[in-house]
Ligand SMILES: Cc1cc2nc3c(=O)[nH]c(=O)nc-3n(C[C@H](O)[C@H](O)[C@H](O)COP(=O)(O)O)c2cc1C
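Given as structure tokens, the chain that follows is alone and in the form predicted on its own.
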Amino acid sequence: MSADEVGVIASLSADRWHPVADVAESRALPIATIHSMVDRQLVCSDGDDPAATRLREAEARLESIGWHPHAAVYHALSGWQGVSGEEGSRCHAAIAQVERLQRHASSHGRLPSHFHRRDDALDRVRLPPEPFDDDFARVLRNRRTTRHFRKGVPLPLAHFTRLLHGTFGAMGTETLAPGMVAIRRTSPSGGGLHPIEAYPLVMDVEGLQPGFYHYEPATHMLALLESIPSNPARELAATLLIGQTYFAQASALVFHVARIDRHHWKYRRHPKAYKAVLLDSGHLSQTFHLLAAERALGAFYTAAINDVDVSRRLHLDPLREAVIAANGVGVIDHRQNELHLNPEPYAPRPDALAC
């Protein structure tokens, strides 16, 4: 866009129409410039040409679904298509990782401390020690991100079933009003709406044909959307995960797809609505991780995905259905440990300041 065109956009009102001739005259521009902006869908027009009609219809759909304008812009501008990173191809040896971190620090300064301490605190109260060694605590301690999987070792169907049902399944329902049913999952959700759907990409799960599925909580069924042989499915997984080839060695991915129309039906044009949708995905991911840890499986969660490509592959409506992130699960390859964090056990210390 030229500076003149930016000026035109800034001068327009979002809730009323402006005659083209008046806009051109007020900005001292040829009418052809305004028409060019309409053709490039930079501004809406009430004309009946195809470009203007498509843009008006899209604006009307955004309004009907309940998107907040700033959230819609962020969602559109943050979508990835055909992105390929170096994550899978770069050297992951310890010395290479240290060198990358040091180069980053030389450009951006020292990493802020993990242990934040407020110097303006009025007092500090020492809390009593509380044992953290029961069964549930051990599951929490065992939760980790896995990047090494046993390729060629199928994931037992029972394990995959437990993760899908335990994370995305309905634990209960309640009819709030005629035709308005709320469900309860094992994770919280903004407004109790639970808009996230699970779309597994299966590579190697016992008893399942490789391909793309949709998990249906109402029937506890997997609906096959596209059959894809195992090796091409892994290649597709790596492509959709921007080249994170180590994640493509998992047995299955589960893409989180938010039904924006369901969520925004309640929170219409709400400035916090989109943030709540992203938090929903995070809640579900933690549950997925814990269920995997319970069964000694490897799991991960990544938002570094080509979400636009996933949406097109699944034939989703991009205004009503938003691809947020992906979980993955598989059998851990304990023979490899290059890509994992390996923290030493830590317990709070009264003399700890910062590190």
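Values in this document were obtained by computation on a predicted structure and should not be read as measured data. Sequential numbering from 1, following the sequence displayed.
There is another form of this protein, the form predicted in complex with this ligand, and it is not shown here; the text below is about that form.
- Among heavy atoms of residue 209, none comes within 4.5 Å of this ligand in the predicted bound form.
- When this ligand is considered in the predicted bound form, residue 145 lines it closely, a heavy atom lying within 4.5 Å.
- In the predicted bound form, none of the heavy atoms of residue 213 sits within 4.5 Å of a heavy atom of this ligand.
- Interface residue remark: residue 347 is not counted as part of the site for this ligand in the predicted bound form, having no heavy atom within 4.5 Å.
- You can rule out all but one of 158 to 166, 105 to 113, 238 to 246, 180 to 188: in the predicted bound form, only 238 to 246 has residues with a heavy atom within 4.5 Å of this ligand.
- Exactly one listed residue, out of 53, 302, 41, 33, brings a non-hydrogen atom to within 4.5 Å of this ligand in the predicted bound form: 302.
- With the partner omitted from this view, the residue of 14, 9, 341, 21 that lies near this ligand in the predicted bound form is 341 [heavy atom within 4.5 Å].
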